[in-house]
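Encoded as structure tokens, the following chain is the form predicted alone, with no partner shown.
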């Protein structure tokens, strides 16, 4: 579970800024705000949710800018994308090893920490000609609120 204390979030933002500089991407107030919004929650928000929060203090920012920024962050490995089939991508600033479960009714996404998923044997032999570079497990079910 992500810790949401102010100190923890500021540490994540500081690490994000340092890593961005290492990668050679410009650190703008808008990019920091987008990342901070994402790092402040364990709810795996969509682009639209992040945009609606960011525009409160950056009213001139466009939805397209938020989309492109999140795409850039993901391509550079600064965040991850949780793809919920048949729905909009959801984003996660938590890069610690973990997986996800999505409610099939309300589409809520939650983190799953389970060593049995993290230690799956995905040898090249079982995957034919593919060289595995990584994996994530996406479970589906009905959350307690929807039951």
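Throughout, rigid core stands for the largest set of C-alpha atoms superposing within 1.5 Å between the two forms. Positions refer to the first chain, counted from 1. Small disclaimer: the values here were computed from a predicted structure and weren't measured.
This protein has a second form, the form predicted together with a further copy of the same chain, left out of what is shown; the following refers to that one.
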Can you tell me whether residue 51 touches a further copy of the same chain? I mean in the model of the complex, with a 4.5 angstroms heavy atom cut-off. no
Does the 4.5 Å heavy atom contact test between residue 138 and a further copy of the same chain in the model of the complex come out positive? yes
Is residue 134 near a further copy of the same chain? Define near as a heavy atom within 4.5 Å, in the model of the complex. yes
With the partner left out of view, is residue 57 within 4.5 angstroms of a further copy of the same chain in the model of the complex by any non-hydrogen atom? no
Which of the residues spanning 47 to 70 lie within 4.5 Å of a further copy of the same chain in the model of the complex, based on heavy atoms? 47, 70
Residue 17 C-alpha relocation of at least 2 Å between this form and the one not shown, rigid core basis: no
So with the core overlaid, does the Cα of residue 78 end up 2 Å or more away between this form and the one not shown? no
Is residue 63 displaced by at least 2 Å at its C-alpha between this form and the one not shown when the rigid core is overlaid? no
Please check whether, in the model of the complex, the CA atoms of residue 40 and residue 136 lie closer or farther apart than here, given a change of 3 Å or more. farther
Per the comparison in the model of the complex, the residue 52 and residue 141 C-alpha atoms (change 3 Å or more) are positioned farther
